[in-house]
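We give structure tokens for two forms of one protein chain below, kept apart as structure 1 and structure 2.
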Structure 1
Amino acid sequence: MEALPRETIVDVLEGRLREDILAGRHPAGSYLPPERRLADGYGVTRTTLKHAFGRLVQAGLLETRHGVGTRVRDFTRLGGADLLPMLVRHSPDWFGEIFEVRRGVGALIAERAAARATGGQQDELRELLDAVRTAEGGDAAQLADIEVHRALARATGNRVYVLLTNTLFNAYLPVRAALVRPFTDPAAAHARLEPVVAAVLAGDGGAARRAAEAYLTATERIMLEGLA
């Protein structure tokens, strides 16, 4: 194993171990080598190794049992959606599955928001949609678009939808610069999103669902073209 540079050594070590786990070099259920051997191999102290282990335990990739050792968790069986940002950074293959969930959840959220949005939430949606149109550049339009979807989730009155939306955007945000193409023209981004908000404001759940499906499918296609 190659010794690590001394700058941000815990960060580098955490990243190296995380990639080894996600790539299957340390399979689920296996125990990592003894701490002393692992630390010597990476050229770090055991204290540094423990700090890296602590982060990976928090991330849900490792579990440490006193007197037994440190084992790789079966994160695909036991992990939660909070792992998605890490998994996306590791492999773009996750995007297809994230987009599939985005389409299904997003359409359902729009339908529920049409039925449940309060007057105040409708006013907020109008304001946030207009912020997409008036955004200066793709980066600002992209962030404004995200806030519209957060508001749609809040308008359902269901906090689980809010958390699911946050989770999907947390996976998306670390790589959002690569997914900015649908927003480089704020006027066009507004035109794609406006039918969703209009249907929600009209209280038409079926139309809101169809508009959301069309919007999510179109933006997904543009994003994937950008990645390719």
Structure 2
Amino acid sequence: MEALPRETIVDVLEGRLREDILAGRHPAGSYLPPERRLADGYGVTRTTLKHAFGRLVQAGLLETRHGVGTRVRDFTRLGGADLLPMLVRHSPDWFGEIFEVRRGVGALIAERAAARATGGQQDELRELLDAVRTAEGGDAAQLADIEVHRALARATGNRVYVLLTNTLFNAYLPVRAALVRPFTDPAAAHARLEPVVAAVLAGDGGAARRAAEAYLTATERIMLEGLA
């Protein structure tokens, strides 16, 4: 099991700052208070605050200018998809939109994979699909399911699809993990996924696209029901 360590001070601080920004307490375009004052306000050293700032700058939420100050970026306009995990954590409204995109992109990936998968990649897909069926206990089936999707992305021969899949996974996987119930049955997971892989292996792009759309629509419905 993944033994994640206790949250560090920087973690907590980053979370508070992010919350304050996403909640609009520091509006986009406005300057934050000076580091010394802010650090004092949060009861931490300026160095520690700077570490938290560094992360948020990297994430695209903040923008610092030497000698001037630190400003909140207009991330809804300029931000990248890597913001999704924190956005969805702050407000679950994003979930539906994420899944619509996942459906569109997933269909693209299936279609491309059907057209391009190499022999080795086809073998890998067969193996990983089989691993879903024989998965045992807890979230093993769910993890195996994810691996199939990663392999489908790889089978497009386009590494950007792999990264994109990871980005979308990072955004909605925590939510999906919370809904363990519908995803822990290996037989059901295998049955849902099998038509997609079969179409890809058959090299039928149209069928693969439709199968992927069906799969993603089905899992989306399960998740949206689970959230309600």
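For clarity, a rigid core is taken as the largest C-alpha set superposing within 1.5 Å between two forms. Small disclaimer: the values here were computed from a predicted structure and weren't measured. Residues are numbered by position in structure 1's sequence, first residue being 1.
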Structure number, where the criterion is the form predicted together with the DNA: 2
Shift of residue 49 between the two structures at or above 2 Å (CA, core fit): yes
Core-superposed comparison between the two structures, residue 194 Cα displacement 2 Å or beyond: no
Core-superposed comparison between the two structures, residue 34 Cα displacement 2 Å or beyond: yes
